[in-house]
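Quick setup: one chain, the form predicted alone, written in structure tokens, and binding and motion questions come after.
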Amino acid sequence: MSRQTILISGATSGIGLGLAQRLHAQGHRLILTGRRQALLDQAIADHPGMTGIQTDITDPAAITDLAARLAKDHPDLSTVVHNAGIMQAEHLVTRQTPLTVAESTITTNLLGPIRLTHALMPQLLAQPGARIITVTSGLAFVPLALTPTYSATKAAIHSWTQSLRFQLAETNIRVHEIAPPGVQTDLMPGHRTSPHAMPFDAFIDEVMAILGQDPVPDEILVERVKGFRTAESEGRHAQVFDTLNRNYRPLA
């Protein structure tokens, strides 16, 4: 990727911040968004030259305001990385998880990228070369039963990304999808120290190596997630689903 002005949503921690740090080190201009101003301030203090904009991705008015600010202050914006997302366990039988958990997950993980892309499309189409990068999950292909709405939103974004790529094929915008496996971050309690999750630095290293390819592939898949991506086409979906979920039992 040539040097660009890049917007990353939900970039105050985890994969978003990790990618921002590496891309900034390569000379790209980074604009970070997040809901928590204190974390944005810390990220910017640690990496002078980045820009932070406090934004609530669940608020349509905030997305409209963000797009207007970007058009005014950063007219050369050419890449958006849809990284903002939440992942919460849900129990759907007894001891039901409140419906608001599912609703907020859909608003953040699905409506957020769709709304932001719609708001930024005129600006991206005006660039000589632009990129939209969605961040989905290996769970888009084989769901984790403990997080049904999260898994469903990532499957939906995967499908939406394919359609977006097809519709933009004759334009200046290329569309890519990063589908992480479980990674050692704070996305859910216990993930950061889980021996079953991919070490964070190893994941970022592998993604950055793929982004350095020419051309950048449509799907940015580290080796560890490919078993999920190909499970259905190879007739292994039921086996992978059972292995992934065998220790989950709904609360009685």
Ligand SMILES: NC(=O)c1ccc[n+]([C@@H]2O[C@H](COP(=O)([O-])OP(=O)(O)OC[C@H]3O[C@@H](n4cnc5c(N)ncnc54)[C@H](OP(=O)(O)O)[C@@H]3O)[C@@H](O)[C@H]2O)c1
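Numbering starts at 1 and follows the sequence shown. Note that this is a predicted model, so its numbers are computed, not measured.
The same protein also has a form predicted in complex with the named molecule, omitted here; what follows describes it.
Of the candidate stretches 167-175, 130-138, 93-101, 71-79, only 130-138 has residues whose heavy atoms lie within 4.5 Å of the named molecule in the predicted complex. Shown alone here, residue 35 lies within 4.5 Å of the named molecule in the predicted complex, counting heavy atoms only. Of the heavy atoms in residue 56, some are within 4.5 Å of the named molecule in the predicted complex. In the predicted complex, no heavy atom of residue 230 sits within 4.5 Å of the named molecule. Of the heavy atoms in residue 89, none are within 4.5 Å of the named molecule in the predicted complex. A heavy atom within 4.5 Å of the named molecule in the predicted complex is found for exactly one of 142, 157, 84, 116: 84. In the predicted complex, the residues of 170-195 lying within 4.5 Å of the named molecule by at least one heavy atom are, in order, 180, 181, 182, 183, 185, 186, 187, 191.
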